[in-house]
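Let us start with two forms of the same protein chain, each given on its own as structure tokens and named structure 1 and structure 2.
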Structure 1
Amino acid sequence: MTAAIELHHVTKRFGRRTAVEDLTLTVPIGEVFGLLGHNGAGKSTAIGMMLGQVWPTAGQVRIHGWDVATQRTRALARVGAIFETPAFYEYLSGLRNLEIFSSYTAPVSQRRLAEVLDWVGLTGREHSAVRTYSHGMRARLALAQALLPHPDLLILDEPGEGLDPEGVHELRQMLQRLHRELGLTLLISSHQLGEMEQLCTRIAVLRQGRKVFEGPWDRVQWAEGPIRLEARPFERAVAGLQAVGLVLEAGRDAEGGWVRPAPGITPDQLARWIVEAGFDLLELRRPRQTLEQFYLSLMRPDPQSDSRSDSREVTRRPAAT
């Protein structure tokens, strides 16, 4: 088994409104998978279908190989989730809340309760009433609840919503530790692109209910297009590169020199030629784009992609910067 989550041509309509359209998605086991998109893009609807709380109009959703529609208990047996805003009994302690929530599914031992409270950093405050908890502590308690069933997969819908920067930082470290030490697969939906950039190994982007990108983040963060180059003397080095067909065009801008390599030419090949030709190579780098830059490039208005009759491949290449 290679996939924790599989969506095959899933569509969800609410009356005349299509929330998710023909969505095919794969979350490999062991990934930290980011699900991105603007408000109303269909992220929460997609997560609701993964958790069996929203029924798809068409298509199939499978968790660990089990069909969520027909084998829901088996599909979700080892899944923990934070979906929508977690609600707690304010006058009860954090520990008592966890005891009550676990009784709705399968009671867990006091040892397991203590273990998850320790994982999320609430040991010492587990007997305090939830009404005394800060927003960050409530987020930790929600994560503790998600960890109760010994999950292999965590599905988290906006887990850091409303947290201050310190709380967001702590949550990121906690999720990284869970992934690293427990080997959990994580699917996270969030608007906090800076945090997702640091967390995610793979991302998918939804726009108006349709997928516009899915792929490993480490393959898209290095922008295609011009490569930054500083060589001495610049003009002679560039002329030589063009003469041997390694570079198509070059120039200078506010950030310095740049070249556009010929198809199939790598930065290593450029560096080797420059050095062997006797020029001084001061800098050669491919600009790195942030997740925010990449995301915004996918969100730019595109009349063709907005058309419901558009039959193009939905996976798009990252824009050049």
Structure 2
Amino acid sequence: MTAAIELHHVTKRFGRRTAVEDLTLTVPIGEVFGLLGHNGAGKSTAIGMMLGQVWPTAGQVRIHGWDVATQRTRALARVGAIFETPAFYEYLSGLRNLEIFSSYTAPVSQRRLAEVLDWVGLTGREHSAVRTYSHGMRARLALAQALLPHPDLLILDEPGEGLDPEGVHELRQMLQRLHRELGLTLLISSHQLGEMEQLCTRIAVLRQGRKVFEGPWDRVQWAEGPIRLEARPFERAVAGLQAVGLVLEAGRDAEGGWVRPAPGITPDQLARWIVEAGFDLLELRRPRQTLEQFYLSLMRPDPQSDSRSDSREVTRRPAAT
């Protein structure tokens, strides 16, 4: 199946400054894809190239299989976009703004307009000039304009910026609903790692214009590395596990016991052996890392390797506990 978004070795230079370098990225259909990185990491430039607003210096950008540079109208036909500070014609009503923006994709019926206004909770205020709207209402209007043309793909560049916690919560719920009920593919660029962690099924991290990570979030959060183990008696159980080759090393620290399984050994296999060998199994868990921990670990300078050229599928750093 064609991916929703594909970037092939895309580079963008602004004069001497390289904003994005050799970026290859795939956003599969149906995913909630998080694009992370510091300010100036190249996220907005990458999104600009996806939407045909920024011309790549090299490489190719495809949306639903169509080249954005040469087949722009087809590529963007089923795409909705929301930017950090959504801009509207302040002197026109919300409804008129929606009519204008949606018409650049396809004309929409009054019924569809009413449906989307209802969806985002702006019914009753659609005839007011946008200059009278609150920040939250503007965010909802931005979502409405993105949803009007029945998109398959929503691209959101810092959508929660400037919203209060309630607004952020509301936006997250709306995006989850869109993904769940309408099956939309979402690409979200944001600094709000807590929100991204709750939303995203797959993430990519950019640093200084280069991708340093891309992969499914569920594989990252249950990171490889030591597994927390509490069994009675601990030393005997560990010795047994090592003797049969299920565990490479083990030890105790301030949080309790840990074991490092042999390659390919899952926690289930360890649990089964411990129970069958007659030990008491009190706890066996793979520590979960937060997106913030993972993100910061990627951003930390690594003297061992040049991470700018290291684009890994899943991190191998030990999880912080």
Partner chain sequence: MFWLHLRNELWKLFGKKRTYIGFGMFLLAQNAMLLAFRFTRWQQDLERLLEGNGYLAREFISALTVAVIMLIPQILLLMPLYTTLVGGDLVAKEAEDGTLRMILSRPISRLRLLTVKWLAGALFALSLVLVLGATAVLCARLWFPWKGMFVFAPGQAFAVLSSEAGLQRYLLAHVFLGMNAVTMLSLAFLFSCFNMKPAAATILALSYLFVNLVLESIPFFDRYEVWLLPHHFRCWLRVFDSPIPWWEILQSQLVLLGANATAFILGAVGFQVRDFKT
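Nothing here was measured: the structure is a model prediction, and the numbers come from that model. Counting starts at 1 and follows the sequence of structure 1. Each form is matched to the other, and the largest set of C-alpha atoms that superpose within 1.5 Å is called the rigid core.
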Only one is the form predicted on its own; which?
-> 1
If the chain is split into two rigid parts moving between the two structures, is residue 74 assigned to the same part as residue 4?
-> yes
Smaller rigid part versus larger: rotation angle between the two structures, in whole degrees?
-> 14
Taking the rigid core as the frame, how far in Å does the Cα of residue 94 move between the two structures?
-> 2.5
To one decimal place, what C-alpha displacement in Å is found for residue 105 between the two structures with the rigid core superposed?
-> 5.0
